[in-house]
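In the block that follows, a single chain appears as structure tokens, in the form predicted on its own.
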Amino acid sequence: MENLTYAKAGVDLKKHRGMHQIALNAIETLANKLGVVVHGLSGFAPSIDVIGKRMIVHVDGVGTKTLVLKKLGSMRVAGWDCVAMNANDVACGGGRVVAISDYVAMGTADEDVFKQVMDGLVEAAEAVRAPIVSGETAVLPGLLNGVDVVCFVVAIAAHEFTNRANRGDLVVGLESWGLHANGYSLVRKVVEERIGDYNKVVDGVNLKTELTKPTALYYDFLLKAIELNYVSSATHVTGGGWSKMKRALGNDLDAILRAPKPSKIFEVLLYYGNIDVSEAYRVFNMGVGLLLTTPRDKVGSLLSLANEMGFRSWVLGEIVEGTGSIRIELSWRSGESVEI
């Protein structure tokens, strides 16, 4: 059986990173011309100084998860995910969301679908205590066949936070609620070509239930952990999977990790898609939605805070001198290991 990969599903991560570099080069050139300093460029929460405050402007969307949510009548989750993805990202840089703007594009006008999306947006905005102040609703026949749900957030850095791991730190992972909003192009290929139906129960896994779970909202936990100086870095595990943590490592540190057993949905996808496990950790969150580094004397406090705020957590490993790589031992696969 052919191995399915993200590239075969239409998403080439190498080319994607190349486009990111094009954007970064353009942004840096413009900033230099304007004499503006963009702090933390290429991180989760780049910012600029405005009237004595460090302001963060961030954008993210739900991607092709909306195709699955629409099929299964769960578009409210798209609205929630859109805000949660953005709020989690900016909170990794100590940012507190102060305003939200949405962009919802549809191939044809559908009031019921649009209301579901808006209900989810409002629910999540209320959870992060930020108003939705503007938006754009676009109907684009001929350009779109589905629904694109995107949010923009404005945040203020509530705490100074460099978001960089230190040698000797321990690595703590917080559980995800499922697939969150990443890797769905590959998920769709597995389900549609190998399993055949989103409403099936496969090896005890209800696909509809699992594939419509919302993104965990780590926002309040992150802001509290940063305020209390419990963490030196925070990585929201989104597109790129666990490799996202490289942003916190730089070129002189490695992360040596031991991954917990993921929930059954990930095993089903890997089995039916014949997905290589190293590919899986580059695409999916594999049951861990947040990777944190913490000084050894703060790890107990960090684990307690996670528990108090309703998140299961694990000590996954440590930070050592290196070259910016992540080595993961897979205890749930007979000690197999991968490097990403």
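Residues carry their position along the shown sequence, with the first being 1. Here the structure is a predicted model, which means the values were calculated and not measured.
Absent from the display: the form predicted together with a further copy of the same chain. The rest refers to it.
Engineer: If contact means a heavy atom within 4.5 Å, which one of 222 to 230, 163 to 171, 205 to 213, 108 to 116 is the stretch that engages a further copy of the same chain in the model of the complex?
Structural biologist: Result of the contact check: 108 to 116.
Engineer: Does at least one non-hydrogen atom of Gly287 fall within 4.5 angstroms of a further copy of the same chain in the model of the complex?
Structural biologist: No, no contact at 4.5 Å.
Engineer: Indicate whether Met309 is a 4.5 Å heavy atom neighbour of a further copy of the same chain in the model of the complex.
Structural biologist: No, Met309 sits far enough from a further copy of the same chain in the model of the complex that none of its heavy atoms falls within 4.5 Å.
Engineer: Using 4.5 Å between non-hydrogen atoms, is Arg282 touching a further copy of the same chain in the model of the complex?
Structural biologist: Arg282 lies outside the contact set for a further copy of the same chain.
Engineer: Is Val147 near a further copy of the same chain? Define near as a heavy atom within 4.5 Å, in the model of the complex.
Structural biologist: Flag for Val147 set to yes.
Engineer: On the criterion of a non-hydrogen atom at 4.5 angstroms or closer, are Ile256, Val315 and Leu330 all touching a further copy of the same chain in the model of the complex?
Structural biologist: No, the whole trio is out of contact, none within 4.5 Å by any heavy atom.
Engineer: Which residues within 25 to 64 place at least one heavy atom within 4.5 Å of a further copy of the same chain in the model of the complex?
Structural biologist: Those in contact are Ala26, Ile27, Leu30, Lys33, Leu34, Val36, Val38, Leu41, Pro46, Ser47, Ile48, Val50, Ile51, Lys53, Met55, Val57, His58, Val59, Asp60, Gly63, Thr64.
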